[in-house]
Ligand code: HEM
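Quick setup: one chain, the form predicted alone, written in structure tokens, and binding and motion questions come after.
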Amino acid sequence: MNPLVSAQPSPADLPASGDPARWPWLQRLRRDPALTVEPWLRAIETGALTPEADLLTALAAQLDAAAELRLLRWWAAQPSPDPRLPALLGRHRDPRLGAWLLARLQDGPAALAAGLAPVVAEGLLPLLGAQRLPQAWPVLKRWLLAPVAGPLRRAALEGVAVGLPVWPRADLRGCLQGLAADLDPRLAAGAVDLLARLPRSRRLLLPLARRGLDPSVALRLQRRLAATPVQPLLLVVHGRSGGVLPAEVLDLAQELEQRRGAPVRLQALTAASPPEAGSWLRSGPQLTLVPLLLLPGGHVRHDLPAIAAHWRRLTPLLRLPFLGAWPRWQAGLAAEVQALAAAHAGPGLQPLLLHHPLTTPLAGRYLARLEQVSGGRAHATPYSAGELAEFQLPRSAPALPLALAANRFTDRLGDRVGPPLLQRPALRQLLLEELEALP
């Protein structure tokens, strides 16, 4: 065998840039299973070898974490660091590398005043994110929100992107939603792209459509929303006698269909039969069944499973919990109760939550929880027409009917308890936004 072929590549033998022999020579360097990297590192550190991009690309495959850290330290100490070098390194997640990156960047933009070169910070921020250290999140966030040059903030966002799965989800969502309205359109567009990568992204992106975004960012947002699958919805409601649907329910479904751009159908529990299955079912990969019911009574425990079984025979089905169990709905109801109490101020006032009688242990636990969350006091009201005619509303406190839409109770006592919940603007808007954000 020719000894020149079997010998290890040497820095002194590297063909110059532009030499046709350079590319095959670098390929051999990259693939050499027994390469000793020390001569190459030493040649770069002493200035005997210029770390050009093609050389580092070939050499990077041979470097372990310690060698990468050594090169980064050398690079950061240069008077004019080549901004391309860090992107070719940082392939390893290593405690020593992570600690060094944190030490250089943890002071945020204050480190610039202490002598950290902007080009070094810009090169290291993505590498810090790639280490996926929990303690890196506040550092990246500090750079993201600081009044520094755009390239530095975009480098921090790149760091967020490469470590996306490990950051604290709630803080990450809030930060990215704020950045979507940033004055730097490139940064804002990047924030929109990252929001689109998170679970349940449609819920995160839709509120941005109601904000004043840069035109280019607004177009990016619309493209991301258009790429999010939207499924047909089946809203199950109580309905009135004979399956009649109250006007406020019909209005909600119509507006929701326009906003989602996908079919929305209604099924009343009082109707003799479900709506017909038609072409609207073929507009999405599955049907989402949304029980717009407020309490875990017999309808939730018995009727809903039968309804779900019917539709499951026709199409793939996603069944959501009943509306009264949704935390955001409970929070909205609590706000309505608090507003009612404030409007009828009095010592120890506790508004009543009027509901039809429930007797199961599950219902009792639910009502106790609702009282705790909302600050109201559950009070059973008559169910039948005859009992309702004899019912006298307690006068000790204001009352809120737990009725989504108009029914016999609100027809009779609406002048004393106010309109049903869907006729209250804040609750209607909350429900509309929650339903619009569903997949």
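A residue's number is simply how far along the shown sequence it sits, counting from 1. Superpose the two forms; the largest set of C-alphas matching within 1.5 Å is the rigid core. Values in this document were obtained by computation on a predicted structure and should not be read as measured data.
Form predicted in complex with this ligand: not shown, discussed below.
For this ligand in the predicted bound form, the listed stretch (196-204, 130-138, 292-300, 145-153) containing residues with heavy atoms inside 4.5 Å is 292-300. The candidate spot formed by 169, 328 and 437 lies out of contact with this ligand in the predicted bound form, as no residue has a heavy atom within 4.5 Å of it.
Only one of the listed residues (320, 225, 358, 164) places a non-hydrogen atom within 4.5 angstroms of this ligand in the predicted bound form, and that residue is 358. Among 270, 216, 338, 254, the residue placing a heavy atom within 4.5 Å of this ligand in the predicted bound form is 270.
The shortest heavy atom separation between residue 377 and this ligand in the predicted bound form exceeds 4.5 Å. Contact between residue 407 and this ligand in the predicted bound form is found at the 4.5 Å heavy atom cutoff. Remark: residue 403 counts among the residues lining this ligand in the predicted bound form, judged by a heavy atom distance of 4.5 Å or less.
Shown alone here, residue 238 lies within 4.5 Å of this ligand in the predicted bound form, counting heavy atoms only. Shown in the overlay between the shown form and the other one, fitted on the rigid core, is a CA shift at residue 167 smaller than 2 Å.
If you fit the rigid core between the shown form and the other one, you'll see the Cα of residue 357 move by 2 angstroms or more.
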